[in-house]
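Have a look below at one chain only, the form predicted alone, in structure tokens format.
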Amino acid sequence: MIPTPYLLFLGDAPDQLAAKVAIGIRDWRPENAVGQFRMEGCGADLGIVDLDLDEAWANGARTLVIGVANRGGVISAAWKEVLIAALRRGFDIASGLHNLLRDEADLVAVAAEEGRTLHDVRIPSVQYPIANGVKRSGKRCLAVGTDCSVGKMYTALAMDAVMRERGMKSTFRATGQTGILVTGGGVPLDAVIADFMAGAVEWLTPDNDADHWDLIEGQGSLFHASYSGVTMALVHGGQADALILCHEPTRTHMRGLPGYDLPTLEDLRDTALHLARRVNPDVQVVGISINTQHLDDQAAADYMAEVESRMGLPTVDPFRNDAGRLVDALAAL
């Protein structure tokens, strides 16, 4: 178990999007977010108190969580100075980066010397099977996106919260570093060997009661040249009964790929359905989740109304407003 609460390390993150791990913890486990630690030049801000290591320790923080998801998942030399100082102050360190803490000899040495623990969240702890495609009992909902980081995890978490409030049977199934840090368990899917990714999703979403819903955290995008593979594993391993389309309307290109335009919601609907029907012919697209964080209230309402009219599906921002209409769509299946 990773000791809580956390000091959220933002390092020199260039923008808010790069700090999505920390943002997810702040939004879904605020009681664990004692404060943020930002280095010079950091372009992200969680809107919580800035603390140095001594202040964070005095306020109860016991783990420094690397809250940044940078391209390639690299631990820089500049970060190392802070991480080593945190270990010497008494903190454990938790990270979901591809660049593993345990592979950094200097961090390992200091952690051993100080009796601290390095928590690499992105390490599979199970020998996952190869997917077999056998139909499982229970129901499953998967969020799929026009791009990366458009709100797939937030959508699933918001729906799960509403379902629990209503007394419905549901479980949020984390498939990435932030979801695992928020909920305490899941599969770090993009760190699973490719042949076993779909099998890992089958393992994560086993047979269940007929009226139980697994809300599967989406990853990547079928249209993203860098990260489409992990999405395919979710589509086929998840055997979803319902798909939620997720979109951020202010993007001008795919994240990290300025030469690639975003697909339309119609493209996403048709492509995702075609692929998902391979493993579940009865799958349906039941709703649309719009990430409106960069729109004011009126612009957000106008955009969602236009999408709903055009697509004929309930369209909401489940975090800004409410996920109830998406849950209604699941209940109607």
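Note that the structure is a prediction, hence the values are computed from the model and not measured. The numbering used is simple: start at 1 and walk along the sequence shown. What we label the rigid core is the largest C-alpha set whose atoms superpose within 1.5 Å from one form to the other.
Omitted here: the form predicted together with another copy of the chain. The next part is about that form.
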F37, Q298 and R320: each with a heavy atom within 4.5 Å of another copy of the chain in the predicted complex?
no
Please tell me which of D195, D209, E81, E113 lies within 4.5 Å of another copy of the chain in the predicted complex, judged by heavy atoms.
D195
Residue within 4.5 Å of another copy of the chain in the predicted complex by heavy atom, from A161, I180, A131, L97, is A131
Where does another copy of the chain sit in the predicted complex: which of 166 to 174, 244 to 252, 87 to 95, 123 to 131, heavy atoms within 4.5 Å?
123 to 131
Considering non-hydrogen atoms and a 4.5 Å limit, does another copy of the chain approach V74 in the predicted complex?
no
When the contact criterion is heavy atoms within 4.5 Å, does S228 count as touching another copy of the chain in the predicted complex?
yes
With a cut-off of 4.5 Å between heavy atoms, is L262 one of the residues that contacts another copy of the chain in the predicted complex?
yes
Using the partner position in the predicted complex, report whether D267 sits within 4.5 Å of another copy of the chain, counting heavy atoms only.
yes
Partner contacts for 40 to 61, taking another copy of the chain in the predicted complex and a 4.5 Å heavy atom cut-off:
none
Would H98 count as moving between the shown form and the other one, using a Cα shift of 2 angstroms or more after superposing the core as the test?
yes
